[in-house]
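Okay, so here's just one chain, in structure tokens, the form predicted on its own.
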């Protein structure tokens, strides 16, 4: 956690310098295809621990993606066709373990590409990326900076898409005038806080209190919720809290009698929240991640192949485990495969160049590579994003909203709040 790094006396910059020495001494070879007719892809994410819900379901989705691609003849490069195989490493959302994992995946496993959740783990990996030239992906564009030219964010544009949920809420429920917010105090929570504050300000919704930033070690959320609802807000925003926090907070909101609107970045395993509260309590809960059996995902704008079939297969293999990231790493692989086949090579630099030529085929529609204004580099694929609400116990897409269109009108607010929380790229370095 960034907070732990600071408490130990290390800044992000000194941490990077210290880890760079280790990475450089490792003597990493350049990336190359594995022997035989298989391309190996690294999956470096939390598979256990509090953040596992944003890692493990993604790996499960990738295995389905690999089965589909291999059954269809594999990845076709200039010198033939290759099956794809994922090699995973559980970084436990720890930057040092992420650094070890990146080194192993490149040096010992010979992967051609590494996917990460990012966030607090990226500072551990960045020196390895700089040394080896490996292409990495993150689900968190807030990892991006001008120093990360081989890091891309082609699927999720966290936390910027959160503006779409607030914008939709303000237009469809104009009677909601006030809000409060909580988040864990870390690299996932803070940029999301800044984004929600910008979105609420743009929508004319008043914040009744400063965002409540709780320690990631918190287990008792009764006092958190008591403070949140003490000012009688119309909206309680759960920011980008981990599932292990969203569930007990929602349960406390139910037990303490909150009757207002809830908005959250995610609602992973929302059926469990319904079971702990009620279908009525969860009705209208707004978040940003659809189930892929949603009819709205069958439109011509969607670039994810057979989303309904993917969802059905995922639930057949892993019943009750569908979450926000189940499709995201697979979506990244769609982009990676298309770029590798276009380049005729799995070489990281060739794939990166091919991937960024023209518009990108984002899962929710064609999108542009963007980000210089916020991240100092155009390595985030940004376009439309769905707004999802729970209706009668089921997640349903209510609308697709344009992130660039929102930014064109309110980008100054986002920059203002990002600066206030030290989340601009030049403040994070």
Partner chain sequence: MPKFLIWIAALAALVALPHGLSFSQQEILVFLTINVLLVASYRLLTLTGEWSLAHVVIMGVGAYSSALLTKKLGVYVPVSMLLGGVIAALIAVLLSFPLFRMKGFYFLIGSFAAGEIIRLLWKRFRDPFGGAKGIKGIDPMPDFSIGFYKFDFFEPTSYYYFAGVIVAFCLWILWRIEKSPVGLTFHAVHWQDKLAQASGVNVRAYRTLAFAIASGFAGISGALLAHYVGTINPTAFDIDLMVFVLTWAIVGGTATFYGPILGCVVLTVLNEIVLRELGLEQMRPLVYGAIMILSILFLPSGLESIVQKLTKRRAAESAPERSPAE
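Residue numbers count along the first chain shown, from 1. Just so it is clear, the structure is predicted and the values come from calculations on it, not from any experiment.
What follows is about the form predicted together with the partner chain, which we do not show.
Asks: Though the partner chain is not shown, can you say which of 323, 307, 95, 165 has a heavy atom within 4.5 Å of it in the predicted bound form?
Replies: Looking at the other structure, the residue within range turns out to be 95.
Asks: Which of these residues, 89, 221, 314, 287, gets a heavy atom within 4.5 Å of the partner chain in the predicted bound form?
Replies: Filtering the options by heavy-atom distance leaves 89.
Asks: Should residue 407 be classed as touching the partner chain in the predicted bound form when contacts are defined as heavy atoms within 4.5 Å?
Replies: Close contact is absent here: in the predicted bound form, residue 407 is far from the partner chain, nothing within 4.5 Å, heavy atoms only.
Asks: Taking the shortest heavy atom distance, is residue 83 within 4.5 Å of the partner chain in the predicted bound form?
Replies: The answer is no: residue 83 has no heavy atom within 4.5 Å of the partner chain.
Asks: Is residue 233 near the partner chain? Define near as a heavy atom within 4.5 Å, in the predicted bound form.
Replies: Answer no; every heavy atom of residue 233 is more than 4.5 Å from the partner chain in the predicted bound form.
Asks: Does any part of residue 104 reach within 4.5 Å of the partner chain in the predicted bound form? Heavy atoms only, please.
Replies: Within the cut-off, so yes.
Asks: What stretch, of 266-274, 198-206, 289-297, 185-193, brings heavy atoms to within 4.5 Å of the partner chain in the predicted bound form?
Replies: The contacting stretch is 185-193.
Asks: Kindly confirm or deny that 341, 361 and 372 each have some heavy atom within 4.5 angstroms of the partner chain in the predicted bound form.
Replies: Checking in the predicted bound form: none of 341, 361 and 372 is within 4.5 Å of the partner chain.
Asks: If you apply a 4.5 angstroms heavy atom cut-off, which residues in 130-164 are near the partner chain in the predicted bound form?
Replies: 131, 142, 143 sit within 4.5 Å of the partner.
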